[in-house]
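This document starts with one chain, in the form predicted alone, laid out as structure tokens.
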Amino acid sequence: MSEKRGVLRLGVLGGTFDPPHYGHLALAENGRVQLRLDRVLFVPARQPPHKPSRPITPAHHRVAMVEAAIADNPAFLLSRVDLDRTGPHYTVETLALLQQEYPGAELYFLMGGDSLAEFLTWRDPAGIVRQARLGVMRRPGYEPDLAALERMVPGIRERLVWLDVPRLDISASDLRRRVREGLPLRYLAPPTVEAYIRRQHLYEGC
């Protein structure tokens, strides 16, 4: 924590991380630098509410992959806030629990422009914005309607920061497909993550 600021600034990056990849890491690191964050918390979801029908890789595997992915960055931490409680898990509740765990911390929720475009469909978007600022990475093909967002969530413009993040066209679903089809993950995910996937035979039959 910065001694000059005296307030812990935490980035929060939630997701299924099935598997984690360089897109996640690029968003986290660029958010850390541009928002002057002390730490970035990676928060794996046990069962995301918006993915009720897709089978999710068991949590212990996803935790192990996240730990492998972030091991070389001391500013990145794994949070089990959504893993050690029953679901469904909503961002507004996750942020409230993190505020309890880190009293007085300033929270910055890191997300893609695709998520911001769907933000009004989330549980209590105004509650999210009250608890955290939004650090948003632009995504090609997604242009959030900021006027509509401001009408429904007054003050969101002041709580939103656009991040300059390289546009890495990487998705977890495509990585799972590549494993299933015997294609490499090199340069798409950290070598430690690919090694874990191969060792545990993940995604081979999905």
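All residue numbers refer to positions in the sequence shown, first residue = 1. Here the structure is a predicted model, which means the values were calculated and not measured.
What follows is about the form predicted together with ligand ATP, which we do not show.
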Leu110, Asp114 and Arg176 all contacting ligand ATP in the model of the complex, non-hydrogen atom within 4.5 Å: yes
Heavy atom contact within 4.5 Å of ligand ATP in the model of the complex, the stretch among 150-158, 163-171, 33-41, 63-71: 163-171
Partner proximity in the model of the complex: Leu13 to ligand ATP, non-hydrogen atom cutoff 4.5 Å: yes
4.5 Å heavy atom contact, Pro190 to ligand ATP in the model of the complex: no
Proximity of Arg180 to ligand ATP in the model of the complex, heavy atoms at 4.5 Å: no
Within 16-32, the residues that have a heavy atom no more than 4.5 Å from ligand ATP in the model of the complex: Thr16, Phe17, His21, Gly23, His24, Leu27
